[in-house]
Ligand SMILES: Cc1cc2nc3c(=O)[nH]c(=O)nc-3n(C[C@H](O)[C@H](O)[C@H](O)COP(=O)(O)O)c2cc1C
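Presented as structure tokens, the chain that follows is alone, the form predicted on its own.
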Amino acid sequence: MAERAAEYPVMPAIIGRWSQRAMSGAAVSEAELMSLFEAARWAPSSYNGQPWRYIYAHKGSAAWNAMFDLLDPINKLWCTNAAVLMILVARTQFEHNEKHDRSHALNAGASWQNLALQGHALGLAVRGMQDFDYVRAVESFNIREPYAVQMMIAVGQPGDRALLPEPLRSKDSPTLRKPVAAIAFENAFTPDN
């Protein structure tokens, strides 16, 4: 397992949070779930538009089954033990003037990050996903313009990584990041890749 270390001081939760796949199948309480959404709602957004919306379902419900069916085969392997599945959508137009919000996805991403950090603080396993059927998500959950699907999220109680099928077992650990010098450029944009 890779040792994570910051080059510069940051909040411990930023280093400690990671996207765990291993979930136990145990329920997430309503209080825990609402705490995640409370964190999500405090994210910054352009013009304070708060374009994010979360559609969620508890395991055992018809909506959970419909969300699960949207997933690609690899995500289905581990999401079977998620207590809650979510679809994050973002409003692509500002409410105050109906003009296109160029930063709707960025703002929704800030909300997702708050949710993920709160999940870490609560000791939950929280993982975002992009490999699912976006078209069927729109159809199955009546998502209409000006809303656009951004991602899916699985939430659960942490589980035993040893119970994951390979090759997921060996991948289910905290990952490293590029150095700061590879992502921040003073005065000019000069990336290697």
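Bear in mind the structure is a predicted one, so any value in this text is a computation, not a measurement. Residue numbers run from 1 along the displayed sequence.
Not on display, but discussed next: the form predicted together with the named molecule.
Q: With the named molecule left out of view, which of 61, 130, 46, 29 would have a heavy atom within 4.5 Å of it in the predicted bound form?
A: Exactly one residue meets the criterion: 130.
Q: 103, 93, 75, 114: which sits within 4.5 Å of the named molecule in the predicted bound form by any heavy atom?
A: Spelling it out, the residue with a heavy atom inside the cut-off is 75.
Q: Report whether the minimum heavy atom distance between residue 169 and the named molecule in the predicted bound form is within 4.5 Å.
A: Although the named molecule is absent here, residue 169 would stay clear of it in the predicted bound form, with no heavy atoms inside 4.5 Å.
Q: Taking heavy atoms only, is residue 18 within 4.5 angstroms of the named molecule in the predicted bound form?
A: Because a heavy atom of residue 18 falls inside 4.5 Å of the named molecule in the predicted bound form, the answer is yes.
Q: Could you tell me if residue 137 has a non-hydrogen atom within 4.5 Å of the named molecule in the predicted bound form?
A: No, residue 137 stays farther than 4.5 Å from the named molecule in the predicted bound form.
Q: Determine whether any heavy atom of residue 151 comes within 4.5 Å of a heavy atom of the named molecule in the predicted bound form, and answer yes or no.
A: Contact check for residue 151: yes, within 4.5 Å of the named molecule in the predicted bound form.
Q: In terms of non-hydrogen atoms within 4.5 angstroms, which of the given stretches 35-43, 139-147, 122-130, 48-56 touches the named molecule in the predicted bound form?
A: Flagged stretch: 122-130.
Q: Heavy atom within 4.5 Å of the named molecule in the predicted bound form: which residues of 146-178 meet that condition, in order?
A: Those in contact are 151, 175, 177.
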